[in-house]
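Form predicted alone, single chain, as structure tokens, below.
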């Protein structure tokens, strides 16, 4: 199923919110309630769910467990995918700690670094391999996705290596925009841009 990138993002957010609802012992939810929790409109929620063929609405709203399962069939891979973090400094550790164990179909199996004090140690629950072994380890562990958290000066070189070693998707946490071949999916997260966006709207609200 082909879906716009923003729709996929929202589906992930819906699932995370719905899992929270289960924790609250909430088994049904209306579109306006789900929308309010994510600061979007109920129309947007209904539109997204119609796109994935879900319209099973009862008088008490969407069945939370059923909707979680439906979203999983759409955005999860049939097979598990292995993920690696490249650069296990402070940001890399934070990402590893947050990510590990959150999704059954996404396995964080390795990290890479060039710091001798980190190599062959388990950091934030994942083994750190030497940067020089990237090609060998990525092929042995069938790593499809790389999360890049290296210093900006090394980002382009690391991305090129990851692609050369078989990675099909990259999440770039550095401040350097990357160029990758068309067959590699690239998602870039720029924290500075996000903070400046927040600051802009704070400034506007203060006027």
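Only a predicted model underlies this, so the values are computations on that prediction, with no experimental measurement involved. Numbering follows the first chain given and starts at 1. Heads up, when I say rigid core I mean the largest set of C-alphas that superpose within 1.5 Å between the two forms.
Although it is not shown, the form predicted together with another copy of the chain is what the next lines describe.
Chemist: Can any non-hydrogen atom of residue 179 be found within 4.5 angstroms of another copy of the chain in the predicted bound form?
Modeler: Yes.
Chemist: Looking at the partner-bound form in the predicted bound form, is residue 60 within 4.5 Å of another copy of the chain by any heavy atom?
Modeler: Looking in the predicted bound form, residue contacts with another copy of the chain do not include residue 60, since no heavy atom lies within 4.5 Å.
Chemist: Any chance residue 99 has a heavy atom within 4.5 Å of another copy of the chain in the predicted bound form?
Modeler: Heavy-atom contact with another copy of the chain at 4.5 Å: present for residue 99.
Chemist: In the predicted bound form, does residue 51 have a heavy atom within 4.5 Å of another copy of the chain?
Modeler: Close contact is absent here: in the predicted bound form, residue 51 is far from another copy of the chain, nothing within 4.5 Å, heavy atoms only.
Chemist: Please determine whether each residue of 86, 137 and 141 possesses a non-hydrogen atom within 4.5 angstroms of another copy of the chain in the predicted bound form.
Modeler: Contact check failed for every one of 86, 137 and 141.
Chemist: Pick the stretch from 141-149, 60-68, 22-30, 43-51 whose residues have a heavy atom within 4.5 Å of another copy of the chain in the predicted bound form.
Modeler: Partner-contacting stretch among the options: 141-149.
Chemist: For a quick check, can you give me the residues of 160-177 that have a heavy atom within 4.5 Å of another copy of the chain in the predicted bound form?
Modeler: Going through 160-177 in order - heavy atoms within 4.5 Å of another copy of the chain in the predicted bound form - the hits are 168, 169, 170, 171, 173, 175, 177.
Chemist: Hey, does residue 197 budge by 2 Å or more at the Cα between the shown form and the other one once the core is superposed?
Modeler: Yes.
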